[in-house]
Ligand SMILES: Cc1ncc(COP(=O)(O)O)c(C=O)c1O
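There is one chain below, alone, in structure tokens, taken in the form predicted on its own.
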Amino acid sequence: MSQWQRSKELYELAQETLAGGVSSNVRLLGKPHPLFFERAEGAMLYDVDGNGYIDYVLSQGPMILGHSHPAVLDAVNSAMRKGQLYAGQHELEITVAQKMVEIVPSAELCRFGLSGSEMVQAAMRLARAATGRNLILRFEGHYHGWFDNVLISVAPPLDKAGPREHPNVLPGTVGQTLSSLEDFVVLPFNDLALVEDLFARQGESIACIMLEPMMCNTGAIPPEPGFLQGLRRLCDQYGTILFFDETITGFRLSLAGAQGYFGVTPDLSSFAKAMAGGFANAALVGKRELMIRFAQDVNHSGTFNSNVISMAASAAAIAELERDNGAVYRHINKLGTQLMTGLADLGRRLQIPLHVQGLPCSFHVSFTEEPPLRDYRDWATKADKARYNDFSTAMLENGVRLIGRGIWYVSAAHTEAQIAQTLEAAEKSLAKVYA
């Protein structure tokens, strides 16, 4: 009988009423089929077949404190007994907004929503309103949500992507409104010279530069020295809005996000995932003269925005991240460094082209003879994705759950013992994959 027999049965049942048996296309990628889970605690996840996994998926990033953190659950339980949704204001909104203004460099005013995708939409609308321009610069491999006007050149086929210096702007799925592609120009990440050349030609038409300040979704690729600073300089020179999509990096790279970590302050930035400890919450923050437009002539609405549950979760999660002068981040950086170093050492000892890059809180593992990865095309051409797929399946069999595209997230709940177990599982899995 399969190690995942009950999951297989539930998946077959789910396909009768759920499209594809799942509620997010990302979950279709589960191997050997989408798994069903029944509980999670700390750094552990347990499926319906009774298998336990050390979890480095962390719900695609939000569980920075680990699963079922008692402080977050207690805060939500307490707050929701007073009501869940008022269609009006409540004090927790002010609490979280004040904290974000205090700790996030770009935050002078805030607005709340439910997902990173929503806040990206708000940021683009605001940038266009503020500049009177339509064109937005984005980068290959960066993910800004699944909506028609942003699912663009996220994973473009290289035979259709065009030349590196002038990439084609490509949709991510059938059914997209192709006219929205006209509002974007795409360049490779980490190539400031190409951005400078674009601005020399079209700078007066560009409303916004939109990017993941660290390219987490594809390759965990940090910005090269001077790249973010160069974008800031160009935006200042041409009156363009600099927008950091910190859906993943916010509250993960540091309490102040990637902008605090790398020391570059954007005009606007969006946050989600880690900001609410596993509950749905998101924020757009930015300069006062931009954000105040939401109270004047730019629409931003939402029935569930700043609901009691989301705000209670964020208040509690941020308090835990702040505790003891950021002890959570010191713990994550220590264990993440041990894990990155241990995996790289395994590759050298076993004489396997195993490459580890990124930051201790969010790093990427690939099989490549040509490190490092600098942009999407490096990831698409150099990384042996079939080999990694086999590795992640073997790791699942050995009690470790990974994201199939290579990114690993580390939480405050991981322990040194679990890091050691993970490295043991990796050695066994590598032996199987390279048998």
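Keep in mind the model is a prediction, meaning the values are calculated, not measured. Just count from 1 along the sequence shown to find any residue number.
If you look for the form predicted in complex with the ligand, you will not find it shown, but the lines that follow are about it.
Not one of V104, Q259 and K287 comes within 4.5 Å of the ligand in the predicted complex, counting any heavy atom. In summary, the region of this chain contacting the ligand in the predicted complex, judged by heavy atoms within 4.5 Å and restricted to 250-258, 161-169, 114-122, 183-191, corresponds to 114-122. Among G203, G347, P360, G145, the residue placing a heavy atom within 4.5 Å of the ligand in the predicted complex is G145. Shown without its partner, this chain lists T240, N217, S153, N307 as candidates; in the predicted complex, only N217 has a non-hydrogen atom within 4.5 angstroms of the ligand.
Although the partner is absent from this view, K273 contacts the ligand in the predicted complex, with a non-hydrogen atom inside 4.5 angstroms. Of the heavy atoms in E212, some are within 4.5 Å of the ligand in the predicted complex.
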